[in-house]
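Below sits a lone chain in structure tokens, taken as the form predicted on its own.
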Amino acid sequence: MEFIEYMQASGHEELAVWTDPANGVKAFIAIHDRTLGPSLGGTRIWPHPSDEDAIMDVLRLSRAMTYKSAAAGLNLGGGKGLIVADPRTDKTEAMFRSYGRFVESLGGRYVTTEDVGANAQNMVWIAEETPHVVGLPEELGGSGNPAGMTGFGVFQGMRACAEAAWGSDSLEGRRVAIQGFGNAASSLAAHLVEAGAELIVTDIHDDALQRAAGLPRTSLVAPDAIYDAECDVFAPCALGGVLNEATLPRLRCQVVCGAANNQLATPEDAQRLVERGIVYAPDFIANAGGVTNVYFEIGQPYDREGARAHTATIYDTMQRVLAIADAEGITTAEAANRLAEERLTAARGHAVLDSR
């Protein structure tokens, strides 16, 4: 089975499956690596066409969470949850309470929060069944939707890439093409508008486009046309795999930096970006604001100022990644992986010493 081979090659610890037909639940949780701490990652609600697609999605995303937390300096491992359902029509309290029992069955090895298709109310329902959930509403002592901090972090990463591309981290007057206008993209857009940027936005949902249309200096394009938009920065903020052999030749930008996970369809696409002369912000470096936000909720009252200050360091981390890539002649994707792996290796070394 392809996913078993992928798990072995990627070092995954666990893949758990939960079915509850009475409540319309088919769900998967992947735990990649807990060297640095409990695995944390959002729960995605998405109607994958096959179980194989769903499993590979959750496996890839959990691995990315390990690297994201490691590179961000957080004491967390990588995990991810997925409920196979349509987030616009299928969500119920019973579904999420059932899923909460699934999370609870893992005994704290996995801590969940929001992801694509989920919201704070869904986390409240999950929390009825397990304490291993963060991203709860602020009125319940939680940090609320992490998308706001995700957008702030992407903005910091974009500033660092602008410095590398144009010698200044100012985004004033820059044209940013945003693919997907969900919560994280909306937060990013607010920071960009405040910074004086111009926006080109697309989304597959009309209500999202209507929200974007109300922003100053913003134009709308059809979903497929976003790849051809003449811009300074292309910001993928929807699903993964959008940077691939077919789309990369169409890009008319100098920087790629967005909130989406797993933006590269293949590792080779990072080299294609280099060959195009495009500065690429590795996704798990740029979008670490969300996991940073909920980290400051675990086991303590939520510390907003601490979360924001730590998220702001994405600017410095991105600069380190760009410097490593430049000095060693490797892609920024390879440089980001190296940064994360160095921290994991150091932690495993301590674990070996502690066990003797």
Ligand code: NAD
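In this text, all values refer to a predicted model and were calculated from it rather than measured experimentally. Just so we're on the same page, rigid core means the largest C-alpha set that superposes within 1.5 Å between forms. Just count from 1 along the sequence shown to find any residue number.
Beyond the structure shown, there is the form predicted together with the named molecule, which is absent from this document and is the topic of what follows.
Discussion item. Test of understanding: in the predicted complex, would N183 fall inside 4.5 Å of the named molecule by heavy atoms?
Written reply: Yes, N183 sits close enough to the named molecule in the predicted complex that at least one of its heavy atoms falls within 4.5 Å.
Worksheet item: Is K68 a contact residue for the named molecule in the predicted complex, using a 4.5 Å heavy atom cut-off?
Response: So K68 counts as contacting the named molecule.
Item to complete: Flag I204 as yes or no: does it have a non-hydrogen atom within 4.5 angstroms of any non-hydrogen atom of the named molecule in the predicted complex?
Response: Contact check for I204: yes, within 4.5 Å of the named molecule in the predicted complex.
Worksheet item: Can G141 be called a contact residue for the named molecule in the predicted complex at 4.5 Å between heavy atoms?
Response: Outside the cut-off, so no.
Worksheet item: Among G157, L192 and T311, does every residue place a heavy atom within 4.5 Å of the named molecule in the predicted complex?
Response: Result no, not one residue of the spot touches the named molecule.
Worksheet item: If you check G196, P249, P131, P223 against the named molecule in the predicted complex, which one has a heavy atom within 4.5 Å?
Response: Answer to the contact question: P223.
Worksheet item: Can you pick the one in G78, G81, P146, P282 that has a heavy atom within 4.5 Å of the named molecule in the predicted complex?
Response: If I apply the 4.5 Å criterion carefully, the residue I get is P146.
Worksheet item: Looking at 92 to 100, 105 to 113, 183 to 191, 70 to 78, which one sits within 4.5 Å of the named molecule in the predicted complex if you count heavy atoms only?
Response: Single hit among the candidates: 183 to 191.
Worksheet item: Who in 228 to 261 is close to the named molecule in the predicted complex, meaning a heavy atom within 4.5 Å?
Response: Result: C237, A238, L239, A259, A260, N261.
Item to complete: Note yes or no: does the Cα of E114 move by 2 Å or more between this form and the one not shown after the core is superposed?
Response: Yes, its C-alpha moves 2 Å or more.
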